[in-house]
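Just the one chain here, the form predicted on its own, laid out as structure tokens.
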Amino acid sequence: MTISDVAPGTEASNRARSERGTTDQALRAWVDEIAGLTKPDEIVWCDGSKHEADLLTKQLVAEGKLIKLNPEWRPNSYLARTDPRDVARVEDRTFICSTYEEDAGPTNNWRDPREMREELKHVFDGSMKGRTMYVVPFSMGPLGGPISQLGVEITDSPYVVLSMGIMTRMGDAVYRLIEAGEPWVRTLHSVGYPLVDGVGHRRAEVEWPSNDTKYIVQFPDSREIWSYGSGYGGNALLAKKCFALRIASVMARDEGWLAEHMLLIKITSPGGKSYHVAAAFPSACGKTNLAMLRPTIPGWKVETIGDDIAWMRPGADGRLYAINPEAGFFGVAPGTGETTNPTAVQTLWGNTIFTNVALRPDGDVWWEGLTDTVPPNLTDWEGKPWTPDSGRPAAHPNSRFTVAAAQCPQISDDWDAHDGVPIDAILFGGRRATNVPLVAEARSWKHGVFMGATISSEKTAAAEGTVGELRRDPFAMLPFCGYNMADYWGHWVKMGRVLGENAPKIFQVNWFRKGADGSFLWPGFGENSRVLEWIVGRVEGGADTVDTPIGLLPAAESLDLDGLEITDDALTQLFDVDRDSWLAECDLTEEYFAQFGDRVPAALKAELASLRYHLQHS
């Protein structure tokens, strides 16, 4: 950590920063420009060292912004409590400022980039007065890797610096790569709570500085991110959704790769053969549980590569290679427990920053779902006394843990592979009580893109022969695609042509189908390994199928059900393809596509027409 406490832009400050930090003229000029706008007291060039993290942690504890947890239970771990008005992503204040509105598309909030820049310059003017400005260099993916990208975040939040140190490869080595000419993305963040006003009056610090006015702004054409007013999560850790998905999806479109909201796992069969799978699931659809799955069938092993984001690029051999661009997990705490996800719980043994969870009297943390037994007394996420009779959650429903991926006991030995791992299969899944079977294989890459484009979860129950109201989340990218969603589908179709016969197989899965009595037909969790076994069988060229209008389903006896208590009737319902319900769903899909006008790829319109034809003539 290097501190420059002299006026930005002076010869002395430039000399200080050339000795430490970076010699790159463009980066130095940008830092000077932002310092001139935000007017911090001092500038710190972060180096990503343990010493730096220790100093910032001690500072935050001394200021009351972090609570040190009991080291006997949770060594080197801390609890942060946010302002109750700053607890989640703010999608209504998230903007895609492409040059043309049609390039953002109907599912994004668009603003004119010139008008937005003027607006942002006004709110950022003096936003760091009385504060320290931190320059945070980071790599998304292994340093220097062919799929990796570099970025720099300027922030006035030490909490963000600490979190970026966990979530990215952050440090001095990034400056060296930038100096060598590697491109990098500019990201700017301020909590929007200056400690000195325009006339020099100082105000007291608060435990969680933020501002009721918030902006999360992406400029895809110039590869920039500006974030103001929030200190929390994806609003402030700009390497995450803002860069790794919204900006990276545009970079991927322009450069011929894929930036996806997908987990990555390695599956190893009893014979020792390994396969790599990417999977996209909307929230509350079992994504983290699959990323850290513990198979129930003998001899099979699943290892974690990533739990949230995958970047995939064609390799020299023509296959699709993927990395997890992140270095940590930023997971939702509630519902993560010993019974639902023991691997995640074991990952959190120490070296973890918890945000908005409850505090036990013994100095450890707790949240709903962590244990079957609820503690009798806690301090809730707002710092108030809590008992089971309080009538409110002890932990905020969106409370989080931030922890290094390397701590995961199920982490794969190739999770950090410099060139990425070859992808054998891609899965799409929603939360569907009706219609969608347990697993179906796409007939082709284009059919698989159609599956991804029509991912949804039911918001309301369905009447017989109809489909309930659907919450669409194509490719699980609805809040995260940095350009027109229909163009994004077109990019996926194009990637299929690039990959040709090397393209991974595509599957749709649904762990959540319900029977007539409203109960789940499939046990889920570790039993989902049975579906993965069938998928591996398909990749290997075995595992028999039945051709249906919606895709290839497992043939009778091809899905391993040994030791599983499931009735023949439940199995029939799990794979039932109801003609009338699917035709009704085709109508809903056509309505959904209509909002994108003529930008919907012809290939997807053809897939919809083909689905209708096969349903009508089946």
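Counting begins at 1, following the sequence as shown. The term rigid core refers to the maximal set of C-alpha atoms that superpose within 1.5 Å between the two forms. Everything numeric in this text was worked out from a predicted model, so none of it was measured.
Omitted from view is the form predicted together with a small molecule, to which the following refers.
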Are all three of Leu120, Trp184 and Arg223 close to the small molecule in the predicted bound form, meaning a heavy atom of each within 4.5 Å?
-> no
4.5 Å heavy atom contact, His189 to the small molecule in the predicted bound form = no
State yes or no: in the predicted bound form, is some non-hydrogen atom of Tyr215 no more than 4.5 angstroms from a non-hydrogen atom of the small molecule?
-> no
Verify the contact flag for Gly524: yes if a non-hydrogen atom of it lies within 4.5 Å of a non-hydrogen atom of the small molecule in the predicted bound form, no if not.
-> yes
Could you confirm whether Gly537 comes within 4.5 Å of the small molecule in the predicted bound form, counting heavy atoms only?
-> no
Interface check vs the small molecule in the predicted bound form: of Ser127, Thr434, Asn289, Ser412, the one with a heavy atom inside 4.5 Å is Asn289
Among the candidate residues Val403, Ala417, Ala486, Val332, which is the single one with a non-hydrogen atom no more than 4.5 Å from the small molecule in the predicted bound form?
-> Val332
In terms of non-hydrogen atoms within 4.5 angstroms, which of the given stretches 375-383, 265-273, 324-332, 77-85 touches the small molecule in the predicted bound form?
-> 324-332
Determine whether the C-alpha of Val160 shifts by 2 Å or more between this form and the one not shown once the rigid core is superposed.
-> no
Ala406 C-alpha relocation of at least 2 Å between this form and the one not shown, rigid core basis = no
Post core alignment: Cys285 C-alpha displaced by 2 Å or more between this form and the one not shown = yes
